[in-house]
Each structure stands twice: as structure tokens, then as C-alpha cells.
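Heads up, what comes next is one protein chain in two forms, each shown on its own as C-alpha cells, labelled structure 1 and structure 2.
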Structure 1
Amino acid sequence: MSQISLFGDEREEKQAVPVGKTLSVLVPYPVDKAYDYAIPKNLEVHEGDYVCVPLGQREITGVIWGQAAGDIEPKKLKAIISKYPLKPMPEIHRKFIDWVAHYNLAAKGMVLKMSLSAPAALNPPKPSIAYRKKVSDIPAKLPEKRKAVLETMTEGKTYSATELAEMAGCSTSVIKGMTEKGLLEMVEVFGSPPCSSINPDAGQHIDLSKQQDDAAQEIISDINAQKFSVSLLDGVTGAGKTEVYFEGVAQALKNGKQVLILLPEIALSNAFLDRFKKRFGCAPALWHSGLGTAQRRETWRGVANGKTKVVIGARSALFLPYQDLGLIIIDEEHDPAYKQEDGVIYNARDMAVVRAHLGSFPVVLVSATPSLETIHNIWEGKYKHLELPTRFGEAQLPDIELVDLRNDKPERQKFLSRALLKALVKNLEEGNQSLLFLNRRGYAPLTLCRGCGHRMECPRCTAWLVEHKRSGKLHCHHCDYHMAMPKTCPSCSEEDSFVACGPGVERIFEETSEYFPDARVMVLASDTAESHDDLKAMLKKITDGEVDIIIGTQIMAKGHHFPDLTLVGVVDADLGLQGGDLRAAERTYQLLHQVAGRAGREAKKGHVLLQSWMPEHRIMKALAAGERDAFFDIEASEREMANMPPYSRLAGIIISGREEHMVKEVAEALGKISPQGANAHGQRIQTLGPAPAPFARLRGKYRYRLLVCADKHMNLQKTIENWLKQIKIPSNIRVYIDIDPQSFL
């Protein structure tokens, strides 16, 4: 796509500055190529430099990508305006951006945009005000608060006003008053980048078991070899996997390398950060969407200049412009949260493996329930397998019991079986904590008119509205639409006719509180812990023993360690099996295995009850028997028979727009010329659809899907590119390409 077609003919104006050579610049816009710009003779720039360039009436940030294409007359070119004072973006990172764009069929400029996600960081940081002790001796008649401030200060060291106030137990106005009296002096200081002075030998070291040490030494060996490798650190919940890969982090730091640790959910970072601080004596740099502008600016600049050594973050942290990355850890590698479904669609786990390959360093995948794709790569000898089959120390794996709801039915309009209630009573009497797990927010997933059967649906999505007692409203969990509960049915006008169908965590809270009025019960879900501080406070209450029964969603399923939690009851173990998702069985097994792993993580033995209407299902049997590998064998066999990943490749084509008839027309036109059959090399491809997506309407847009299934070695990207070029897509219709889809909704 040409620059003229996107932005108009913007290069006709002649430059007032003398220009020399030309280079290409990639800009963070939906463009597929870098554009030629002239270099002013007084400006020295190199490939990878961050520059400011004119684009229409705007001045925007770009990155010098390489040599100019030379297809525009030099006199028509606009000139680069200025260069930012930063180290250049490394060549490896630019190659990574090119690779991600090509593989995921995404605009190269939009991939670059993910790497330029803190624009304010491009400019030099501004100094902040700090305070330094100005007197050597403390005056005798000094007020107590001022005296406390001076006593807490070290000679020659600088402190922020907030830091001093916290140390001395006073307000910041006391600090400012002391400055006016000549007791303190103000100085301008520049803050250090986060995690820039980490000591790999600091903090607490835990004695590893023989199995842990063997795995750690294998990772350390790969790091020292400075060659690409992929290892799966495969350990049961509570096996001490984190302590093992911390040894790898320490070795990479000793070698002067930067380290990236990816976590699937930010909720995991609170407990994880404490463990990191204890091991390394300082906090890592954080990167996720919940950070403020200042923190993002400091982390981005620290990474780009090579001073920030360890980053812990969500999937987007992979696209920070690391100067010398030497190790990537992907914790809970199986988690679907690593797949980005909006904007540039990509799988951070798979892209991290590519990033490690380009940089010639190791990547460690970590999980108690690896993805089938990773297990398949183990079987084929592509990945190393580091196993930790037992829990660390005295802890034992919990006993898992199936509760057949066909025989042990809860009371009418209740959801806890007699067996689970009995276990809760016993656990409370013994002074231990219990977790009731249900991966469904709100009070009830469906609100139904008992008179005419009308279901309350979202007007913008193909989804039922979920009742929330906490807000007193009906909510859509897909587009954030909400409304007050109507007093009359919009279909039959009958008053007070609505009834809640099915349970959410709020309804389980209501039932639990009724059965156990004296118990301290807490609901922990993404909408009850609305901020990181809220979540941290709630988790602390659990750790401190201030909660008897926790009712939680998947936010409780992994990454947490509660010493007194000995009972886990899964309210609806069958929930994830609903629908026709390719990975439904695998994900259900992973989620239930992870939540079961919260029980009995120290000396106290754990017990898990899975309530199911299908206890004979292979997932339930595998969980109860602890036969994970047998489950994977069966799952792999079924996938192979169906010619589904990891034995083939998939791509989803999603057509979206506000006019349903136009969406359908484009989808049908693509379907008529879709790739089918075998190519010249005998590689087969099949395209299914088009058909309305399971969520046929999402956020006000209608959606159709096609699914492409191809042999593993086919050039799927080229095939799809050639196919889509044959149809002119109207400007009000979007076509999304999802390579290796994880969701089919």
C-alpha cells in the first residue's frame, strides 16, 4: 500500500534544509513498508535510531529501518526533523518486528507501534526534587518531628519528600518547612531506571532438591552456551518451579544479560513480586496495561538503554526494545491469555520462542499442565523436557474426589452437594481454609421471564446479560453494556417475573453464607478486586488467616500459595466442556488441575472435590487418578484423527462490520474462491464456512468466520495473502486474520 493512498501526496513541498543521503523510516501506523526520508547534512543517524519525521500536518515518531528504496525522486522527499537521544533499536528487535508482521499477516507499522508504547520515554527524563541533610549536628531545641527527620537521614544521601515523610512519620509540609529553615537543602536528581542495580547473589537462597538442582543446572548450561534452546520446565503444582528458573535468571544476570519473565495475568504478579524480592533483594521492572504513564516511561527507557535488567510483564512486554536480552521465561505457558485477540493478533508464547531464536539464547516454558502443542514438540525432540514430578519439601499432592451430582443432588435452587457441605464443615472445624471455585462472575449467567420465557440479552452482542447483585444491574461481560433490572418483562409486560438461572460466584456466596453464617466468606473475582491494591489487600487477608471460605473465579486458579488452604471444591467441573471449542477438553483439564493444586501446598494434606454431572468423562477420570500423560495421549490421538493442531495448521478469517448484509456478502464472496484441495506439492488445504460466528454480534458489529485447515508444511501465509487479494473489501468492512487461533468465538 503506498503512502499517497493513505495520507495524500505529502511529499511535494521542498525542504528548506540541505539534505544528504536517504534512509527508510518505519512509522507506527497501519502501513506495510518503511518510507524514504532525506537526511539533513547536519544530522548523523544510523539504522535503528528513533527519529521524528513529518507525516502530513503531523510530526510523529519513527525508526530508521534500513536503506532507502530509491523509488521516489530525492527532491520530492521530506527530511527527518530530529533524532531522539536513545540507543538505537537493535537489529535483532527490528528483525523480530518484521518476522511477527509477516507470520501473523499484520501491518508492520502496527507491530512497531507495540514497541513504541511509551512515547514520553523518547525524550530525556526531567529531574525531580530531592532533599539532603544540610546540618551535621541536630539542634537541641528542635521540634520532635523535625528531629525525627534528621535522625533518619544518612549524611550526603538524597531523599524524596514522600520517602522522608514515611521514614520519619510526618507530613511532607514538615520537610518543606525544614528547607526554609536551612536544615535541609533541595537538589535536582535523576531517578535510576527500575531494576538497574540488581545483585544476582543477593536475597534469600533456598536449598534446592536434587531434581530441582538438576533442572536448574540444565538451564544454566544453556544460558552459558549462548545458543538457542527451548526447555519445558514441567512440574506438578507446588514443585518449586519458580525457584528453579530463578537460578537461570541469576546466571543470565551474571553474564550481563537482560531477562524477561512473562506472566499470563497481572493478578499473579503480587505474590510473585514478593518471591522475587526475597530472592534478588530488589524489585523487578513491571510492564502491563495497568501501569501509570510515569512508570511505563521509566521502564521503557530503562529497557531501551539496556540499564533495566529484569522485566516481569504481560504479553506486551515481549515487544519492549531490549538491548541485550539473554533469557525469556514464560510462566504458565499453556495459558490462553498469551494470545492477543485484538489489534495485532499474535501468540506471545510462540513469538517469544522466535525472539529467542533470533537472539540465540534460551527460552524456558513453565507449566504443571503444558499445552498439547508443547508436549508434541517434546515428543518430536524439538524441546528439552525438565521434569519435577513431586512437590517441594513435605508437601504432598492433594487427594481428588469426584462428586456425582446425579446421585448427590443439591437442594432445589442450591448448588453445593451434601458431600461438599460435609467437607466444608469438617475443614472449618479443623481451622483450615476452603476454596469454592466457579469460573463465572456475577450472581446468575441468565435472567429469564418465568411467564413467557424471555431471556435478557445484550443489545450489542450475541450474549446473555449477567445479573450482578453487587451493582444491582444486568451486565454484558463482552462489551461492558449494563442496565438496571427491569420491573416488567419487555416481552410480555408481566411484573416481577424474572428469575435467576444458574449460579455465579455471588450466588454461591449467598448460599455459603446461609449454610455457614459464622464463617468469614470472601468473593474474589476480577470485578471484586478492581485494582492491584484491592487484590493485594484481599490476598493478604487470606494469607493472614482472616478468611475461612474463599469463593473465586480463575483469578484464584494459579500462582497463589496459601499455607492453610486445604480444601478445594469445584462447584461446576463441567463448565468448560460446553460448546464446540477444539481445546475445550484440554483447557478444562488444565484449569481444574491448576485450581486443585491450590490445596495442601505445605505440610497439611489437601483434599479436592469436583462436582460433575459427567464423572465418567475422561477428563474427570484423569484428574481423579492423576494420569495427566494418559489424558494427553488420548487427546493427541483424537486431534490426529481429526487432522487438527498440532498435526495441522489453522487460520481463522473473521469478517466484521455494522451492516449485516454487507458482512455476509463479503464472507460469501471469500467463501466462493476459498483455497481447497491440494497444491502442486501435494499439500492439502480445506476452508470451512463462511458461517456466523458463535458470537454473531459483538460490540455492535456483525461477524462471520471462515476456518482454514492446512498441512503443517504449507506456506499458509502466502496462500491466504493470495486469496484475500482477489476480493476488494469495502472500507466499512474489516477482515481479521488469526493465524493459529486459540478461540473460535
Structure 2
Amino acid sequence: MSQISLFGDEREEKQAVPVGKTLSVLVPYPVDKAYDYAIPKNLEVHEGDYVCVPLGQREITGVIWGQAAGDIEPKKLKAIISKYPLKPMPEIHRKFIDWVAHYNLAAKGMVLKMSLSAPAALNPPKPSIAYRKKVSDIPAKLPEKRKAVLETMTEGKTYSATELAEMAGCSTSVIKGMTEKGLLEMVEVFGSPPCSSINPDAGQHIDLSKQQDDAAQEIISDINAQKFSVSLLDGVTGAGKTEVYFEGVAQALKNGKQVLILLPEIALSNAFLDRFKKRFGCAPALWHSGLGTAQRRETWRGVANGKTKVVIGARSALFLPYQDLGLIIIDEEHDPAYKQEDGVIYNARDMAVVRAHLGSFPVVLVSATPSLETIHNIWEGKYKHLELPTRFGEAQLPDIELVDLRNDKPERQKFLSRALLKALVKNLEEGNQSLLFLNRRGYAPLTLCRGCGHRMECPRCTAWLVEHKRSGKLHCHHCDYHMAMPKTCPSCSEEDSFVACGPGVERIFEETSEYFPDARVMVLASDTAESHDDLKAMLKKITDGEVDIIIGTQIMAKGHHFPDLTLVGVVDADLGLQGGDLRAAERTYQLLHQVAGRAGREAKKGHVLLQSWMPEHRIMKALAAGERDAFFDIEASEREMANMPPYSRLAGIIISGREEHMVKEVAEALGKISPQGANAHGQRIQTLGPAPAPFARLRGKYRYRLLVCADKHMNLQKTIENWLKQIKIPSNIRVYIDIDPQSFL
């Protein structure tokens, strides 16, 4: 850590440090307690300040959390080393960290760590080198390149070398040469924080429809009242939800507040960002896992000092230390990507509601297919319902048609029905774009030996290896294990005996290319794009009409707006219903509805074909008939009968470790004393398990699960805490607590 110590090397000799009062400091480590530290006399610090403190042999960054606990004799306390020159972390944010830790049974320090996600941002930014014109007239007999550079420059303005080189069409060495000759001068400049000069009125004025305006006014009045509220902006794709919430963003900006827009990571597309830029005259600050250190540092700092006004990000953006947040938008609120499944396990959508409550401002959930939890909160009167039932303008909702695969069976080893092929032919002839949707990466999900029936499995996970033709390898989709496709079966040694079972997108690509050799076909899955920029470039190609048929996974389902896309074929509509997950039906409904929504988003009418082996299933029927509310009613009554969320609360307990017998032992010991029955208030609780998890082995670790199901108003966290602390967990065994689990694997 490049931190300047106040005391040089003497700080180890505690006696030399004149100390005054004491305060507690929370550090970003798996600890729940803020430790007491002494404050040197010449250092002025306050709660929320970012400080450097000694911990063991190291010097680390922490945040002053509050008053000292006083459990250590002042003389024995170590002293804070230094303070970073930053505005303190606001009290609301510190309370938020406490709350998130408490609710998710996570260590406070680990939640803090999510907020200290750009360590380099703590130190003052370094200036960068820029160039300025040093001569007012262009000297005669100047080489062409140098002349071009001077001509593109405005007097008094500064430019980076790469910027100049690009503008003048020369190399950066020309710039250096010109500086040596005294034509340019080098200056140090500080960049402005991202999204700091944003204009709420930059965009063209648009007239909202009556429905849109009502929804916008409702949001605006809550923003102005600085009042906590949760609204669901509920409308079909293309209804203008984005347009409506942009009005809210504009109002919050006019009130001088910061705004956070959460998107499922993959939806951070160019198209959306361009639209934002047009509306607000400035690019938003971005926050997601694909950013480089420099961008992270600048955004973090801009957010922390209040200069960066709008952040658009994935779930982790919720933990940035906003100086004055006044609105959160959660687009696609139903999306499973809002749940973080490792490290601190939390649901960003739910935590965002808490953040808004602490900060007394509105949060707007946005979806065409809201989660049942959110709908239930509307039924209970907790959330406001802002509805936009129709698409804006000429665009109509697509027709959805079911293809019964029992009657229209694809050929052997093929997966596209005649009905779907016919529709593809027609759509190609009309010069429109088609999407074939299959939520499965790779070529085939299972590789089997024809001779002995041996299945190729991951040696580290309970999972089949997935063939990828592109890489010529078998991949595990749960860990990074991969191997070359073997020549002979490892079980019976027969040669070339492997058969691919079932389709992945690569296999659909093969089939499509066979049927339509002249069509421009593109596969789009999370692993076909090498990087975020790559992915954006591919999406742009689609938007620009350079692709006829897209074969895509769920990466294609979300948020995109492709003007020429009019046909969507869902290769296997039943796929998500396997596995018996609590939310399988809900998720399938959401995903398929979302995919269907990609079709016909402009004047051209869209058409959707769902290939299914069980077209009579209530989900297929609800999708085809567009009966969302009927679907929710049935789904809700089933959950209520089974006493499942949103009518009860769940927590998953996962025990994991390398030694199977130890994992089992701990799981069984916990099972023996698990919470069961009713408490003094008549609130019921039941614990199921332990049982080996469906992924009994993951990345070489064995896994057992328990599932706690409790009445809604029970203090589940307290119960779990009291339960788990009765057993000493060996150091090579990890116990994960998943409050409100989404995954049961």
C-alpha cells in the first residue's frame, strides 16, 4: 500500500505517538466487529473517514465506524496511521452496510469490502499529461503532419497525445517531436469525474402518452417529497418504461441528487448507453465486472465525492459509497442476475429497496414480467403499481404460436420443426431478421459412448461435460475444467464411439447453416464474445441488419431492441421446466416472454413460435394467450398451498469441503439440532435435510444442503444464528447461509 505514514518508521514504538481519544474502525476482512484504535493527537478524524490502520503485520484501509467499544485498555491500542483525503462515507451508507450484513448473516467487514471495491481510488488522482498549442500562427515550411496537428487544435485547449494523433492522423511521436521543437507545450491535467456534467434537459422534448405521464408524475412527486416508496413500472416491452423512468432520473438530477440505474449485467448494451447520452447529453458512469482499474478508480471516486451523478451498473454498483443518492431504478427487476451467489450472498433488488428506505427516496422496479414476490407486494398494498399496458406507437405485441413437437417432429438428430423452418424461409425472403433461442451454450450438453453408454462427466463436479466444437473440447460449465475430446472411450476403449446428445447453440448453428447456406448466421452466447467490447460489437452488427439469423442464449433475451427482428423461434420451450426448482415455472414464463418481446418492436409485426413437447402445460398456454395475470394467480395459489415464498421465508444452508465424510458429519450434526416446530408466538419453522446437494460436488468440493422454511414474520436470522453457533465448524469446512435462496443447487 503506497500510503504515506505520518510517523515514518517510528510508528511501531507506540509510546512515541501522542494519542487522544479512541474510535472503532471496520476493516474489509471476514470480521463482524469494528476494532478500537487510538487517534494520534495531530490527526483529525470523524466517523465515516477512510483511514489506514495497522492490523497484525499489515497496514490496511478501513472506515471509522463509530465510538470505541472500550473493550481494550487504551494503552494497548494501536493508533490510526493516516487518513485518506476523501469525503467521509455517509452515515446512511454505513447503516446500509450494517443492515446488509445483518440480514444476510454475512460479516460486516465483507460487506464493507464490496464498498471498497477500487482501492486505488482512495489516493488522490494523478494528473495525466496533455498538450497545448504554444504558437498562435502556423509557421511557414512546417512538415504536413505537424501542420495538420496545429490545424486541428483550438487555442488554449488541452489534448492527450493519442487524441491529437487520432485527430490529425499521425503517430504520437510527431506530437513528442513538436513539443521538443517548442510548437506544443506539455501540461498536467486532471480529468473530470465520469458523468459529472449532465443536463437533465438535453434530450429532445417528447410528449408522453396519458398513461406514461401519469406514471412519470407519480415517480416525480415521490422524488420531490424525498419520500421512500417502491413502485413497479409494469408494462409490456416497448411500452415506454425507459422513457418514463428517464423522467424520474431528470427530476432527481434537477434536485441535485445522484441516481443509480441497475441493469442485469448483460443488458449494458451500446444501444442503451447511446440512448442515455442523447437524453442527458453525457455518458453515464458505468460499473460492472468488465471494467479496467482506471475506470473503476475514477467512477468510485466520482461517486464518493458526489460529482458523478448517474451510475448505470450491475448489482455491485449498489455498494458504491454514494454521497447523496436520491433515486434507484432496477430495470428487469425479476432477473436472476440480481442475486449474488458467492462471497456475500445477497439479492441486489431487495437490498436496493432497503437502501432507498434508509435514504428516504423512491425506488422504481421495472419489468414486463415482474417476479411473483413483487406482484405479491402489490397485492398486499406495499408497492405501487404503475401500469403501461400497450406498446407505444404503431408497434404491436407479437403473435405467439405453439408448435407441438409430437405432431411436427424434427428429423433424426435435428431440432427444428417444419413449422419453424417454413417461418424462417418466409422471414428470410422478406428480408427480416430471425432469432433462434436456445438457452444452452456449446454443441451438445451430453457426450455418450455408443458402445458402453459411458457419459463424459467433470472429474470435479456433478455435471456432464459439454462439447464445444469451436474449441474442439469438452467443457464443464460449472468450473474451468476442460479436456480435448478423447479418441477412445475412457471406459470401454472403443474408438470414435462418442455421440452428441441434445442440442446447444453451436449445433443449431450447424443445422441452420445446412438449411440456409446463404444466410448470414451468428451465434451469440456469453462465451462466443471474448470481451465486453466484443459483445457490444456483435450486438451492433445485429442492430445494423448485418445478420439474418441469430442463434442465441439468454444473453439475447434481455433488453435489446433490434429493429428488423420479426421472428423468434424458441427451440426448446420446455428446457427451463426441468429440475423442479421452486421458480422453474415463473422463470420459464419470464424468459420466454422476454425473448418473445424481441420480435416486432417497430412497425413490422412480430411472430413467435414456441417448440414444445407439452403445449398443454399452463405456462405454454398462458404465453400463447398473453394471460399473464391468470398465470400469476395459479402460480401464487400453488405456492400458497405448498407454504413456499412469497407466503413463507426460506434459507439455504450449504456445507462444503474437500473431505466428504467431514462435510457429511457437520451436516448431520446441524440436522440433529435443526430448528423445527413452533416458537412461543406460534410461528412455525421447518428444516429439511441434510441431503447431498443436486450438485453434490462442485469444483472438487463436496456439498450438503439444508433448507429452512419459516413463517413470514419469524425472525429467521436470529433463529439461524442461534442454531449454527451451537456447533463448532472445523476450519476446512465452509458453511454458507443463503437467505431467500434463488438457487437450490
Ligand code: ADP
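Residue positions are counted from 1 along structure 1's sequence. We call the rigid core the largest set of C-alpha positions that still match within 1.5 Å between the two forms. These numbers come from a predicted model, not from an experiment.
- Each structure shows the same chain on its own, and structure 2 is the form predicted in complex with adenosine-5'-diphosphate.
- Once both forms are fitted on their core, a CA shift of 2 Å or more is seen for Glu144 between structure 1 and structure 2.
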